[in-house]
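One chain is shown next in structure tokens, namely the form predicted alone.
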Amino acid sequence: MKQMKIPAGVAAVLERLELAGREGYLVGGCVRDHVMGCTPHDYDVTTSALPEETLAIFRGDRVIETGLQHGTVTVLTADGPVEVTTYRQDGTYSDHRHPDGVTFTRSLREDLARRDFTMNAMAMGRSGALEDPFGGREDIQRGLIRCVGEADRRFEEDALRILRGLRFAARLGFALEEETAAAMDRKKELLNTIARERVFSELCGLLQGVYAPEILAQYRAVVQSTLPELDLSRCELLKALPPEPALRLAALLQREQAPGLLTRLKVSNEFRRTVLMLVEEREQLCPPERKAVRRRCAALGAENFLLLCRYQQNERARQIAEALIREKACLSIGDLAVNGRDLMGLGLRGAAIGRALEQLLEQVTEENIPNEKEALLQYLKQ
């Protein structure tokens, strides 16, 4: 395994901790990514220094007391923010998501023992030495996702780890270790105690995975325990779709189920509109003709129409739409050569202006009149 190229700012954080007589290690996703041969993007540090000691060590630096009660201090470096968290042991998880309290410890092993999966329970020092008490590196080499310690306990502590494990499997192509998979099934009902926003976030990550169709089909009971609206008999459809959450979620939803699920998951208004549009329009294949494409772009919006083409794999219609966009063709009311103020000059007011603009867009889309100010105003005068 090659030496990790630690950014200078991150390395300086580790060095400051060591010079102060405290341990400091990179931990979590950055170590996992490095062991897998990927370039890390975020660097988190764990340390034997207590929170007040960490603040003293970095006094004079730009520091944010991110979560001092849980031992986390964020040090702002030239290479970005670095979270520095004291070794800790978690207390009870009465809400199956967050610990009720934490106890700080001086033991790296005790800190790693509280983490979710072995591949996330590795630490690396500034010298590149790997601390791997639970066999995370070997599990990565075997392509295996395995809980640290007792799987049931890990999922009882934080039920969101169930979906997180499926997300890793979908994105990495790893298999779930037998006991880990069995515990997911046993504890799946705990997912219903988790905030819907967090469920939605993990679902999006899962849907983006190359192996999402296989994982959703294999762990159908687990997923549907918290997302019963998903029609997972349609998983095969995902293989032909780009790994985008809106596209893939729309493929798994029946028309009557979509609004309720999107409301329950508290998605953004934009995401909701996109998914509902895809569900409503997915059977309406646009002919690859210029006028037809202009009509659909005007009705749905150009970006939505391009997304729909990708969903339907309607390559020719997509090419026509992209050509229209490059030509800066009139595809929406905002593209018209006139606006509401121009129409007020003709004596139009209120709702009549909106109706007139819609009528002009229709005429331009049908290529009955050119998108030129004089021609548009003359049409209305007539």
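Remember, predicted model here, so these are calculated numbers, not experimental data. Throughout, we count residues from 1 along the sequence that is shown.
Form predicted in complex with adenosine-5'-triphosphate: not shown, discussed below.
K.L.:
Indicate whether adenosine-5'-triphosphate has at least one heavy atom within 4.5 Å of a heavy atom of E281 in the model of the complex.
P.N.:
Flag for E281 set to no.
K.L.:
Using heavy atoms and a 4.5 Å limit, would one call E53 a contact residue for adenosine-5'-triphosphate in the model of the complex?
P.N.:
Looking in the model of the complex, residue contacts with adenosine-5'-triphosphate do not include E53, since no heavy atom lies within 4.5 Å.
K.L.:
With heavy atoms only and a cut-off of 4.5 Å, decide whether R32 touches adenosine-5'-triphosphate in the model of the complex.
P.N.:
It does: once adenosine-5'-triphosphate is placed as it appears in the model of the complex, R32 has a heavy atom within 4.5 Å of it.
K.L.:
Using a 4.5 angstroms cut-off on non-hydrogen atoms, would H41 count as touching adenosine-5'-triphosphate in the model of the complex?
P.N.:
Because a heavy atom of H41 falls inside 4.5 Å of adenosine-5'-triphosphate in the model of the complex, the answer is yes.
K.L.:
Can you work out which of R272, R290, R126, R114 has a heavy atom no more than 4.5 Å from adenosine-5'-triphosphate in the model of the complex?
P.N.:
By the 4.5 Å criterion, the partner-contacting residue is R114.
K.L.:
Of the residues T226, T77, T74, N120, which one places a heavy atom within 4.5 Å of adenosine-5'-triphosphate in the model of the complex?
P.N.:
Contact check passes for N120.
K.L.:
Using a 4.5 Å heavy atom cut-off, indicate which stretch of 231-239, 165-173, 126-134, 247-255 touches adenosine-5'-triphosphate in the model of the complex.
P.N.:
Contact criterion met by 165-173 only.
K.L.:
Is adenosine-5'-triphosphate in the model of the complex near all of R294, R295 and E362, within 4.5 Å of a heavy atom of each?
P.N.:
Per the other structure, none of R294, R295 and E362 touch adenosine-5'-triphosphate.
K.L.:
Looking at adenosine-5'-triphosphate in the model of the complex, which residues in 137-166 have at least one heavy atom within 4.5 Å of it?
P.N.:
Result: D158, R161, R164.
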